[in-house]
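Let's start with one chain on its own, the form predicted on its own, as structure tokens.
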Amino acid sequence: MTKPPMRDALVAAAFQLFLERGYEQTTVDEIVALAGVGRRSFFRYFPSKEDVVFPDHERCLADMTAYLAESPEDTEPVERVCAAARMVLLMYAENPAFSVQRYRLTKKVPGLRASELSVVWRYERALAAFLRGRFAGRTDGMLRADVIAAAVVAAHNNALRSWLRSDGQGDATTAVDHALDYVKAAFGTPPPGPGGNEPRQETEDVVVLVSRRGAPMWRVVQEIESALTNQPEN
């Protein structure tokens, strides 16, 4: 859905003033004056000055939550949450220049950094809620869900911040996909083995022991122990 032009104008005006004067020194009245709209219009789109710094997170969180809710029952859950996290990356990659500006701004303003961490926590909780549903009834299902959700967010953010520190140069999606591959390898379901639908099982060694009838039991046990501890290497 196309964003309202007034909303875009407010975001553009706010960041122009933040860069020129600093975040703390900029007022909402100055933002609306530069954007050419009324004060009431600002609060129609943004509850506070902090919210204008993160204009797309609410939409992205809603889209990600809906994407997880629509997951087919046979979807591999770790693959699904990694794909959901990738939606956040695509939001940043839509406008690299704006994303880099915001990254620099949040590094300078502690209050904005706290707001960003709160948003990140909400993404993580959405991922964990989906995984908890999929792992319900399993031993340590809740723990597993929370650990995987935290790992997905950590991998995603590590790659995203590296991209932002490079001023948005390079392919952000490749970097994030590479990071998320570590999560899939550690927690995902292995692909089916060759020649069947189930992962290939390791073959078990079988020991056949021939013993003399009437041999004392201690001798039989001794021969078994010797056979088990002296197997030829594969």
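Computed from a predicted structure; not experimentally measured. Numbers for residues come from their place in the sequence shown, where the first is 1.
Only in words, not in the display: the form predicted together with the DNA, which the text now covers.
**Q** Considering the DNA in the predicted complex, find the one stretch among 33-41, 64-72, 181-189, 163-171 with heavy atoms no farther than 4.5 Å from it.
**A** Selected range: 33-41.
**Q** Contact with the DNA in the predicted complex for residue 54, defined as at least one heavy atom pair within 4.5 Å: yes or no?
**A** The answer is no: residue 54 has no heavy atom within 4.5 Å of the DNA.
**Q** Heavy atoms within 4.5 Å of the DNA in the predicted complex is the criterion; list the residues of 6-36 that meet it.
**A** 6, 26, 27, 28, 29, 36, in sequence order.
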